[in-house]
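Next up: a single chain in structure tokens, the form predicted on its own.
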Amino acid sequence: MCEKTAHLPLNRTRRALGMTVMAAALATGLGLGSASAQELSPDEWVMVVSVINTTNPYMISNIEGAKALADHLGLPLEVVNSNNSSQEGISNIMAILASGRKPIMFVNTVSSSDAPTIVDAVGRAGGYVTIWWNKPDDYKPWNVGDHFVAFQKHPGVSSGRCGAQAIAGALDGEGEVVLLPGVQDSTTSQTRVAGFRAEIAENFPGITILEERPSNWDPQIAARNAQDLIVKYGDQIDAVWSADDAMQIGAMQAFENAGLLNQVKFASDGLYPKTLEDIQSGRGNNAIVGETFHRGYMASAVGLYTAYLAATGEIVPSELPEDKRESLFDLSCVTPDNIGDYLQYDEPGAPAAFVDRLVESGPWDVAPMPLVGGGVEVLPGS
């Protein structure tokens, strides 16, 4: 389904501030550089945020970030809900492109193989797109054209390693674990699983991985898979690692329904609001032992703003260094001990405050997710 928001009002004061800041960036050599910068008409251009589903809290946060940036820049916004289907997501994107307005697009791809089709369509429509999380490793923006502005993500291998360290520590290095990856054709899920498995194999020989059950980033699918694993293994399961918090939320509910939540430890990726609540309340005998931190609203705002700068001429993608076109952004390991450092990013108005910092600093140097590297992630052992 394609969800349409009303045209957001043009905020001329904020828009003028954004253009002034970008002009200053030009003068100070921040890499936002072209004398051909232009304002974009909301009658000609549309921002688009495409998400995998609208049940995953991370995807909902993606939409919040896009709305905050569109409001700031005074452009209309369209929301694409892929409903966990590559075919449906691509079809809904094509319907927007057929409207005749040029797209400035952020896409959280369902599968890595979706990226070339979407990027090609955006280019033919005269727009600019940034892909987050999933694309084929050999599909490079600089080999495609300026309309494929950038591919961006947080490192997956380090995310998996963070979760493995937290679980192994909570189990004193001995125990049996089940894994809930995301979509199988997802480089994000693959790298996170690879990181988890490598950390266990290299440093924690007393931890046994019983089984993997891909759960498509969906809490309901994860709950069903967790229930099946409970039937199969019972109280043999000492811990559960999930490739993101949406699946962890579903898994925890299944273990709670089975009366086992207090006996099992959990680690995952995302530190979603529900996870924050569960850590702070100590739910399940302090069941959640580790997380990695990032926010969906930050990813979508950074992705859309990068594409916006290309559309206005403030950046010329082909003139950027490769790490600004295939980018890795900072990721933090979080435990119950340091969680207080991250509460500020879920306060009321946090997406709008992040957008303000983003426009001031540019997409590659905004706290708490500055650019830290580039290129394809190197998998352990390769």
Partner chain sequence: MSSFARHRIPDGSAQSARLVPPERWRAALRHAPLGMILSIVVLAVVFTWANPRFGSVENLQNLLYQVAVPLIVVVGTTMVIQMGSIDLSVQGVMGASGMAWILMSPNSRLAVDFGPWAWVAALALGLGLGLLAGIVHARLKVPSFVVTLGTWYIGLGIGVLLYGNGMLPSLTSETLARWPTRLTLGVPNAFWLAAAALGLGLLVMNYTRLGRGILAIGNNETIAGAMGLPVASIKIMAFAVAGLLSALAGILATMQLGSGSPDIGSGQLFTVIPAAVIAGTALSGGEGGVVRSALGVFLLILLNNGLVLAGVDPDFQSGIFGAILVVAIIAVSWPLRGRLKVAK
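The structure displayed is predicted, hence computed values, not measured ones. Positions refer to the first chain, counted from 1. What we label the rigid core is the largest C-alpha set whose atoms superpose within 1.5 Å from one form to the other.
The form predicted in complex with the partner chain is left out here; the points below concern that form.
> Hey, in the predicted bound form, is Val289 touching the partner chain, heavy atoms inside 4.5 Å?
Replying inline: No, Val289 is distant from the partner.
> Taking 4.5 angstroms as the cut-off for heavy atoms, does Val178 touch the partner chain in the predicted bound form?
Replying inline: Although the partner chain is absent here, Val178 would stay clear of it in the predicted bound form, with no heavy atoms inside 4.5 Å.
> Would Asp218 count as a contact of the partner chain in the predicted bound form, using a 4.5 angstroms cut-off between non-hydrogen atoms?
Replying inline: Although the partner chain is absent here, Asp218 would touch it in the predicted bound form, with heavy atoms inside 4.5 Å.
>> Taking the partner chain as it sits in the predicted bound form, is Asn203 in contact with it (heavy atom to heavy atom, 4.5 Å or less)?
In response: Asn203: no, not in contact with the partner chain in the predicted bound form.
> Among Gly145, Gly282, Gly173, Gly234, which has any heavy atom within 4.5 Å of the partner chain in the predicted bound form?
Replying inline: By the 4.5 Å heavy-atom cutoff, the listed residue in contact is Gly234.
>> Quick one: Arg213, Glu256 and Glu277 and the partner chain in the predicted bound form, is every residue within 4.5 Å by at least one heavy atom?
In response: Yes, each of Arg213, Glu256 and Glu277 comes within 4.5 Å of the partner chain in the predicted bound form.
> Just one stretch in 295 to 303, 195 to 203, 245 to 253, 160 to 168 has heavy atoms within 4.5 Å of the partner chain in the predicted bound form, so which one is it?
Replying inline: Stretch with heavy atoms near the partner: 245 to 253.
> So which bits of 41 to 72 sit within 4.5 Å of the partner chain in the predicted bound form, heavy atoms only?
Replying inline: Contacting residues: Thr54, Thr55, Ile60, Lys67.
>> Once both forms sit on the same rigid core, is the C-alpha displacement of Gln87 at or above 2 Å between the shown form and the other one?
In response: No, the C-alpha moves less than 2 Å.
> After the core is matched up, is the C-alpha of Ser99 off by 2 Å or more between the shown form and the other one?
Replying inline: The answer is no, as the C-alpha of Ser99 shifts between the shown form and the other one by less than 2 Å after core alignment.
> Superposing on the rigid core, does the Cα of Asn143 end up 2 Å or more away between the shown form and the other one?
Replying inline: Comparing the forms between the shown form and the other one, which are aligned on their rigid core, Asn143 does not shift its C-alpha by 2 Å or more.
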